[in-house]
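Next comes just one chain, in structure tokens: the form predicted on its own.
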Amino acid sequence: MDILNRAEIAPGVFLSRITDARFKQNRVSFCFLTRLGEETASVNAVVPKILTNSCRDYPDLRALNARLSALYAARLTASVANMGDDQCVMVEISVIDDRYALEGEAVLNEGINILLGCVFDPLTDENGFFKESVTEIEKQACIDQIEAELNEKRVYALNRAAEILCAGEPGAVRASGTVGGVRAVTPQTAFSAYKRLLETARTEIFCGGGNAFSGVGETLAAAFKGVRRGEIGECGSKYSPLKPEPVVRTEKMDVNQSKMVVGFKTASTDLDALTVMTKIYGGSAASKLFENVREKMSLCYYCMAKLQPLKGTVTAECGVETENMEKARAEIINQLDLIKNGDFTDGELAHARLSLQNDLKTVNDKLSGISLWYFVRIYQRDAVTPEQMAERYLAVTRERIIEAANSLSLDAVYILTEKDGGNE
């Protein structure tokens, strides 16, 4: 694998290229990073969907899809995601490598031209804004996605817990926005948001695949020459401060299974130790939460923990019967206390390390995994390879794990449970 140095090709625009001959495809991603805000998240979520619906050269979805199909079923996708306190707005294209196309076909260049057309030359109406019909279609697509998240109660509970843990911070805002916020989007506000992203968002471009991507940097740099890049918006995340007292919030819905999320916060910057500690705590089928709270004590249907390194939080989530709620919460906290006291075996530590190594070995299996890995590493200002990270995890000592566990304090508990009287 050849990982080329990240280079700034325009003010606040960075290009990273990753070449691995194993892959038969190439993937080019535009990632616009902007501060999360309740007033901007919803409209920003609509923008990438509009951009991938059509462009000047392909003025409707049918024409665009026909061209993509002709390029050996190339895929053009749009998405948004939370990155700590920031919103990542992404537009990307995937195409087969030229080695597997008919002789003389430059599929990668064609794919990049389509992507550039969508990003820099979107379809507009006679007033210079996005077309109303396209805007309404993509607004509905965003609403459908939000409602799908609301219907998935496990995801809903985690999102609500994040809002409570990070209340008053940008990180509490969902990148996908709200149904009400999306409905309020107009062609004018969407186009203004698009221009704001193009001109002020820190932009990370990733080229990954079997191609060497020679000349791509010059092509992308030339595309940005027509953009008036202004003051680049602030970007980066801060740890969420611990509340004076833990907060407990209960929400009642028609649910078949109650959900509980127990949230802890840390001020420790030893993320390697926190990662290993979280794996021991609830990151695998051999973790303390799984082995004890789920298996031995049968207090819940699932029980696991996850570290959010950008915000300094660890959440333990479970699906539980209402009558077992208090016992499960007490035992989830108790299992962390055991690690704080050093009550974990060498076998548990060895399994955590092995599990982390296996996780890291899968990073290079997919282009999406490689791009995501380096995007997050660059965002965290710690651009190491998965192999280097594996070595760091192996170097984490028992003492560092205990110290990481003791840095965690209970901050909030979110409970989603059935309405009084049970389900209808």
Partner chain sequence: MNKEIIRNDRVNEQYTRVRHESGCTVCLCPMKGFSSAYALFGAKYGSVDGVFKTKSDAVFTAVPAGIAHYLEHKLFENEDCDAFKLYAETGAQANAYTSFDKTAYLFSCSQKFDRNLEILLKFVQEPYFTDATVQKERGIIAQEIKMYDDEPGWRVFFNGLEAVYHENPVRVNIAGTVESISKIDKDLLYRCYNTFYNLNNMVLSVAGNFDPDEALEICGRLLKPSPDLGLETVIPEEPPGVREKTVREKLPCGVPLFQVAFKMPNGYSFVGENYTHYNILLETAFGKSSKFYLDAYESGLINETFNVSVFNGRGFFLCVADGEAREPEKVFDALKNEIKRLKKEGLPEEDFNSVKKKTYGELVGSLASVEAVASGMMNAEFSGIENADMFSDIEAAANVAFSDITSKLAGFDEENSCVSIVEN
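Throughout, rigid core stands for the largest set of C-alpha atoms superposing within 1.5 Å between the two forms. Predicted model, so just to flag it, every value in this text is computed and none were measured. Numbering follows the first chain given and starts at 1.
There is also a form predicted in complex with the partner chain; it is not shown, and the following applies to it.
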With the partner chain left out of view, which of 98, 163, 199, 321 would have a heavy atom within 4.5 Å of it in the predicted bound form?
321
Just to be sure I understand the contacts: of 239, 302, 129, 120, which is the one whose heavy atoms reach within 4.5 angstroms of the partner chain in the predicted bound form?
302
I need the one stretch from 36-44, 393-401, 363-371, 377-385 whose residues put non-hydrogen atoms within 4.5 angstroms of the partner chain in the predicted bound form.
363-371
Output flag, 113, 227 and 235 jointly within 4.5 Å of the partner chain in the predicted bound form, heavy atom basis:
no
So, in the predicted bound form, is residue 214 in contact with the partner chain at a 4.5 angstroms heavy atom limit?
no
Can you tell me whether residue 247 touches the partner chain? I mean in the predicted bound form, with a 4.5 angstroms heavy atom cut-off.
no
Is residue 265 a contact residue for the partner chain in the predicted bound form, using a 4.5 Å heavy atom cut-off?
no
So, residue 253 and the partner chain: in the predicted bound form, are they within 4.5 Å at any heavy atom pair?
yes
Contacts with the partner chain in the predicted bound form, stretch 99-131 (heavy atom within 4.5 Å):
100, 102, 103, 105
Flag for residue 299, CA shift 2 Å or larger between this form and the one not shown after aligning core:
yes
